[in-house]
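Here you get one chain, nothing else, as C-alpha cells; it is the form predicted on its own.
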Amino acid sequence: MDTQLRSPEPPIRPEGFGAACRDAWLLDPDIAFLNHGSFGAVPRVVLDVQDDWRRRIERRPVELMDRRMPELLGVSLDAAAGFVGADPAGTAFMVNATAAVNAVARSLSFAPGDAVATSSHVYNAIRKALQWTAARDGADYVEFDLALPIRSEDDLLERLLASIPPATRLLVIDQVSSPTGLVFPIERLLAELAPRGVRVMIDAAHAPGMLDVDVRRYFDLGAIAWTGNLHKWCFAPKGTAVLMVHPDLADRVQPTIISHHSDDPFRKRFSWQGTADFTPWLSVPEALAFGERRFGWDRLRAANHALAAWAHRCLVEHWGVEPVSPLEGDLLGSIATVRLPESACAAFDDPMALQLALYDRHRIEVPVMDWGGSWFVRVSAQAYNEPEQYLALAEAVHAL
C-alpha cells in the first residue's frame, strides 16, 4: 500500500523541529515515541539541572532541605504561577494533578442529595477520587455521558450544560480530556455555570504547555480551583504539578498529608508534606526556560497542534474510521484520539496486547485504550516528532 498517495499533505515542520532537535532528549532513536502525553520526556538540560540540585542538596542536606527550601521553592512557584497566569500566593506544587484534585475534593464537605459530578471523559484516577469523596459524605457521584463523536465546540457545550445535574455541588471537568484528547470550552462553560452556583474545579492535567492558560481569568469566571501537570507538556521532571485555588477557598483546602504548616497560609501549608525529593520542583524554571529558549512557547504550541491535527486526519483516512471530532477546528490541542479499525482489534484479547504488539513488532510507543466499548489509539505531537512516524503507525495497524 502506498501511504504517501493516500495521506493528506503533512504540515511543514518549523526550522529546528523534528529530527533537528531530537538529540535534546534521551529518547531511544529506534522507537517512534508518540506518547509524550503520558509522562512527557525531559530534555537533557533539565535533567542536568535536576542532577545539579541533587548534588547541592547532598553537599548541604540540612541547610537546603530545612532552612532554605521554602526560599528555593518560592522561585519555582513564582515561575510556574507566571507561566499559567495565576496568583503566586495561591499556587502550590503537587506530585500530579490527581493529588491536587484529591486535596480540593477531600477538603470540601457534601450532604446526602448533593451531586459530585464529572463527565465520562474523566481520567480514571479522578473518577476513583470523586467516588470515594461522595461516598464519604453520603452524596451522589454522577458521571454523565458525553458520547463520541463530538460534532463541534457548540455541540460539546450544549451537551455539557444539559447533562450537569441541578444538585451538583462540585463539578470536576477536564480542560483537555486525557482519554479523548478533546479541548473543552472551559471559559464558555464557566460563564454559563456561574448563575447556577456550581463549584467548578478544572482538571487541566494536559493544558500547561499545550494551551495558552489564564488561571486568573478562570477564577474571575467562577472556577474554584485549577490543576495542571508540568511533567507532560512543560518539560519538567516527573512528579511536578501545580494546584491553584481561588482566594475565597485558600483557607479551607488542605493537602492530603497534614503536616507542620497546616495553620499557615496556603503556599506554606503545601510546601512541606514530609521529606521528599524536591529536585523536580526546583527544576521548573529551567524546564519553562528551555521551552521558550529552544522553540518559543507560542511557536511550539502552534507546531504541535498542526502536527496533531494532521495526524488525526491521516489516521482517520488511512483506517476508514469515524473521527471523534471534526477534522478541522479547535477541539484538538497536541494530542488526538483515533478509533482503531475493527479488523486490527480482532486478533487481540485486550487493548494492552495490541499496544505491546505495536511496540514489540514495530517499535512504536503509543497508548491503546478501551473507551465506551471501542478501542482507540491516542497520539501525541511534540517538537521531536515527524510526520513519518504517524504514517508508520498507520501501516503498522494494517499489518497487525
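Keep in mind it's a predicted model, so treat the numbers as computed, not measured. One-based numbering along the sequence shown.
The form predicted together with another copy of the chain is left out here; the points below concern that form.
For residue 209, no non-hydrogen atom is located within 4.5 Å of another copy of the chain in the predicted bound form, even though that partner is not displayed. A residue is said to contact a partner when one of its heavy atoms sits within 4.5 Å of a partner heavy atom; residue 38 meets this definition for another copy of the chain in the predicted bound form.
Interface membership of residue 256, defined by any non-hydrogen atom within 4.5 Å of another copy of the chain in the predicted bound form, is confirmed. Taking the partner from elsewhere, residue 42 is found to have a heavy atom lying within 4.5 Å of another copy of the chain in the predicted bound form.
Comment: another copy of the chain is not present in this chain, but in the predicted bound form one of 151, 313, 128, 268 has a heavy atom within 4.5 Å of it, namely 128. Contact with another copy of the chain in the predicted bound form, judged as any non-hydrogen atom within 4.5 angstroms, is confined among 369-377, 65-73, 329-337, 342-350 to 65-73. Within 4.5 angstroms of another copy of the chain in the predicted bound form, the stretch 243-276 places a non-hydrogen atom from each of 254, 255, 256, 257, 258, 259, 260, 262, 263, 272, 273, 274, 275, 276, taken in sequence order.
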